[in-house]
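Single chain ahead, by itself, as structure tokens, in the form predicted on its own.
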């Protein structure tokens, strides 16, 4: 394990330095005798977690977190191409910005999810009615919502009501500034979980997988 820990540290340094070539070299070397999913679980995901922890402590810049996620997203796309049977396609995920026009938070979570082997759909910017329709049409099981402004966060309550009225039993995971300012707001609007950052979002999805047993959140 110490050897693997060293490789993770080297990979983390490459990501923080935005050294894509070194990151590719380390992934290639680590994946010589491992499955793609094992590379994600033992190298890529731990390095991203360490970088996220550094950002929370103020020792890494948000730009470094973003670029690390983008580099890892590209690496995972090569290890696990879209449609690969090894990708974590369940639960069926989607992420959207609800009636806001601030995309950084959504993009961070999207990159982190893809870099962790998940295969989420990007719904971009959408209103309540559009999200209800897309959840139904796409068979979404977990919908992740990013908001910047309080009025948009409060609209999650209407989204939950319309989803219920349509008979759609989808898990709602929320995040963004309003939910950081008010730790109880996610419960008030009817969400199932709240993530303070991209890494927490990944942990929430992994917990949903564990709770479901077979990877499905629906009945």
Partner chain sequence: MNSMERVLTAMSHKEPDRVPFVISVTMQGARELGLSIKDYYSKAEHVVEAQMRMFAKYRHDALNPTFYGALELEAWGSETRFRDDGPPNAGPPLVTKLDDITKLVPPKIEDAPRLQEALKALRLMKSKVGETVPVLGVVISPFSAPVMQLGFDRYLELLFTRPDLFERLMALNEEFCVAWANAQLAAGATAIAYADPVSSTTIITREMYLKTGWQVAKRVLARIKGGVATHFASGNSLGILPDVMQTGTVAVGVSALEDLAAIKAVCRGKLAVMGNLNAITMRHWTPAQAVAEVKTAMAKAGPGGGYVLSDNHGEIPWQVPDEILLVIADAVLTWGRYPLAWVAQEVAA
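Positions refer to the first chain, counted from 1. By rigid core we mean the largest C-alpha set that fits within 1.5 Å across both forms. Nothing here was measured: the structure is a model prediction, and the numbers come from that model.
There is another form of the same protein, the form predicted together with its partner chain; it is not shown, and what comes next is about it.
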In the predicted bound form, the residue from 67, 163, 172, 39 that sits within 4.5 Å of its partner chain by heavy atoms: 67
Proximity of residue 30 to its partner chain in the predicted bound form, heavy atoms at 4.5 Å: no
Distance check, residue 54 to its partner chain in the predicted bound form, heavy atom within 4.5 Å: no
4.5 Å heavy atom contact, residue 134 to its partner chain in the predicted bound form: no
Distance check, residue 78 to its partner chain in the predicted bound form, heavy atom within 4.5 Å: no
Stretch in contact, per heavy atom within 4.5 angstroms of its partner chain in the predicted bound form, of 164-172, 40-48, 22-30, 55-63: 55-63
Contacts with its partner chain in the predicted bound form - residues in 144-160 whose heavy atoms fall within 4.5 Å: 149, 150, 151, 152, 154, 155
Core-aligned C-alpha movement of residue 203 between the shown form and the other one, 2 Å or more: no
